[in-house]
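Let's start with one chain on its own, the form predicted alone, as structure tokens.
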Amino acid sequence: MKASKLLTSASVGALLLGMSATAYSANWRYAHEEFEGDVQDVFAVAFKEYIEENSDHTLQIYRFGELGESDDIMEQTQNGILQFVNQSPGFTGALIPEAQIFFVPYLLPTDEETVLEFFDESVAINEMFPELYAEQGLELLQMYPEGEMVVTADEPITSPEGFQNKKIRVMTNPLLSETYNAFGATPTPLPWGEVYGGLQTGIIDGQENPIFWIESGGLYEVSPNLIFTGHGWFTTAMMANQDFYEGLSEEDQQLVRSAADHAYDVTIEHIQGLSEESLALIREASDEVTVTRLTEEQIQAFRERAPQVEEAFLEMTGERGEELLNQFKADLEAVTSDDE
């Protein structure tokens, strides 16, 4: 009887010890929009490694398609099913209209060094955007660039006239549609999962994405004419469910922020030179690919159409959008003047 009591006490003690340990560890879930090895995945893996090396927590990464499209993973994050999500403003724009600022053409420079400095130092990105995301129950942890936007089409294009009657796939983003309207094309919203087939069957005539995504997604196979228009960079954001984040201990909040900072540094290092490497892989894989880099004169014909997109942005976002745009321009001026 005594032995039985001792055994029971020992069992209870072990159970309580186990409960105590598990109370301080958790398995968090993180979804992003890209494939294994792509830029968002590099960020996610670096974030996971930091979390797991510096705590008892574990992190499960879900890549493109595993939990649905971009809209699906955002909904799951807002509902608390996922703790972390990586989603570009191209999709978040419907939720946070001001995030569409990244789709005002020719607002951001295409020089890599300047872009990276801007993201590091921008007041708009580091101070204003977190407040906008918080209104939607999201804790913005990082915004970061992935690469210069490149258009692919069924033929080389060098002018707005060349875009006439071209159905260009866009993300479900009103301002991006406005951009391609301004460029002379017919913007065609389409989920990412349908883009390759749409290009293959002629439902769409072209699309835009960073060059690494064109390479990893095989888009050059069905849309072989690459056009460097110099109109912007693809930007993305990594965030947490705000209720989840605010429910963490101060120690875990700091852990998450430190992990996001670490992942940012790893990712910024990763993207440097990535465009050149991806283009080389595309050229090696296909003899049909053409590369068109617009001259300054050709770019000017597109740049002259940008003000109508900026005007549309202000109509969509009102005073807050105007304040953000003004700060954005001030931040850019500060960075570019430092380089002169």
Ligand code: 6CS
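Residue indices: 1-based, along the sequence shown. The model shown is predicted, which means the values in this text are computed figures rather than measured ones.
One more form of this protein, predicted together with the named molecule, exists but is not displayed; see below.
Residue contact with the named molecule in the model of the complex: residue 241 places no heavy atom within 4.5 Å of it.
Contact annotation for residue 210: at least one heavy atom lies within 4.5 Å of the named molecule in the model of the complex. Residue contact check for residue 166: none of its heavy atoms lie within 4.5 Å of the named molecule in the model of the complex. Proximity of residue 129 to the named molecule in the model of the complex falls outside the 4.5 Å heavy atom cutoff. Segments offered: 46 to 54, 304 to 312, 32 to 40, 276 to 284. Contacting the named molecule in the model of the complex at heavy atom distances within 4.5 Å is 32 to 40. Contact check for 98, 119 and 144: none of the three has a heavy atom within 4.5 Å of the named molecule in the model of the complex. Only one of the listed residues (228, 245, 192, 264) places a non-hydrogen atom within 4.5 angstroms of the named molecule in the model of the complex, and that residue is 192. Shown without its partner, this chain lists 171, 259, 199, 115 as candidates; in the model of the complex, only 171 has a non-hydrogen atom within 4.5 angstroms of the named molecule.
In this stretch, 214 to 248, the one residue having a heavy atom within 4.5 Å of the named molecule in the model of the complex is 234; the partner itself is omitted from this view.
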